[in-house]
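This document opens with one chain alone, in structure tokens, the form predicted on its own.
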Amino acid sequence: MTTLTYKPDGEEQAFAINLNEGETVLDGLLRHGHDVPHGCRAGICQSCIIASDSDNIPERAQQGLKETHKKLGYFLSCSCVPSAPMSLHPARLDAAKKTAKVLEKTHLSDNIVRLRVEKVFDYRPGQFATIWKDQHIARSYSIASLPANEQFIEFHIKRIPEGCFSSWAYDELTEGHEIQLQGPLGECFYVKSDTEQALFLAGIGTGLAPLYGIVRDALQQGHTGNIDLVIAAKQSESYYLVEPLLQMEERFPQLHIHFISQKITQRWPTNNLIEGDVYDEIKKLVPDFKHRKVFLCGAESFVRKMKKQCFLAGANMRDILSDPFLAFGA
């Protein structure tokens, strides 16, 4: 058992917290009733950063942080399982949050809403940002817009039943509402180098959001090589942005869009909807991944399995960029 000493802002007294075996700092603080902002619980969104005056912060708890933040003793409480006592206090990161007004809210399907908010920071299409509902609840979403010619930041949010964040965004958030953003983060984006290199992109569900931005960014930067975009779903009725995608495919001959669904449940406007297992169908579409740049987005299990499949089919690991969506509530 490890003991923490935690002094919240505005409190004169520090609180002693005993962690259970293998318990993270975040879980221990929450279990004792302390309000700690958090999101992904996987060390990615960086919402749960707190600070320590101790010199025994585990290295893993600071992975991905800026060197300046490390020197200040900041660490990710969701990734920290200390082996010795630590003295803690909240990190002063409010300056990193930016206020953005919701410019447009559009329902793209029965359970997906598109938010367009003020462009308050520079970003690369395919990166993600953290959206704050309030001081304690935040979630990370990928960016689907293009900074060069769209004066907004676009997010696609899937409504999860009973989800405290997604239900709020889907049902209650309105145009004109001001929200807090942090970011951007992530390295899954297009970098112009060999414009003739073949690109392969695959996503499931709202994994389409970053891919939609990445593909348009590549085309805007003059990519001429073959681009295969695979969009997977359990049922064909789950797809969204179908018409804009088909129009883009018609405009750019190097772009080939493949919709793969486990079950076809509706009529389809074109013949590029395939019924079958996404992994098997991708093997048929692209049997050889040598010399291809790969972008994978969506559920963590999908991304993990596809990374292995692409690697075994010849892709170089440094050419596989991914953005797994981690389940942590909604």
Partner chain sequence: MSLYERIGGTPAVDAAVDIFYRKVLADERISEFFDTVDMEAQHIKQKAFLTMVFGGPNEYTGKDMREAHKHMNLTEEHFNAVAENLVATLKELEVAEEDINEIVNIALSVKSDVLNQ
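What you see is a predicted model, and the numbers here were worked out from it, not measured in a lab. Numbering follows the first chain given and starts at 1. What we label the rigid core is the largest C-alpha set whose atoms superpose within 1.5 Å from one form to the other.
Below, we turn to the form predicted together with its partner chain, even though it does not appear here.
- Shown here without its partner, the chain carries Lys192, Ile231 and Leu285, none of which come within 4.5 Å of its partner chain in the predicted bound form through any heavy atom.
- Put simply, Ala42 is close to its partner chain in the predicted bound form: some heavy atom of it is within 4.5 Å.
- Interface membership of Asn316, defined by any non-hydrogen atom within 4.5 Å of its partner chain in the predicted bound form, is confirmed.
- In the predicted bound form, none of the heavy atoms of Phe15 sits within 4.5 Å of a heavy atom of its partner chain.
- When its partner chain is considered in the predicted bound form, Gln63 lines it closely, a heavy atom lying within 4.5 Å.
- Residues of just one listed stretch (29 to 37, 42 to 50, 264 to 272, 277 to 285) have heavy atoms within 4.5 Å of its partner chain in the predicted bound form: 42 to 50.
- Counting a residue when any of its non-hydrogen atoms is within 4.5 Å of its partner chain in the predicted bound form, the hits in 280 to 316 run Arg304, Lys307, Lys308, Phe311, Leu312, Gly314, Ala315, Asn316.
- Once the rigid core is overlaid between the shown form and the other one, Arg60 counts among the residues whose Cα shifts by 2 Å or more.
- Annotation for His38: C-alpha shift of 2 angstroms or more between the shown form and the other one, rigid core superposed.
- Superposed on the core, the two forms barely differ at Val278: its CA moves less than 2 Å between the shown form and the other one.
- In the predicted bound form, the Cα-Cα separation between Ser47 and Lys307 shrinks by 3 Å or more relative to the displayed conformation.
- One change in the predicted bound form concerns Gly39 and Lys105, whose Cα atoms lie at least 3 Å farther apart than in this form.
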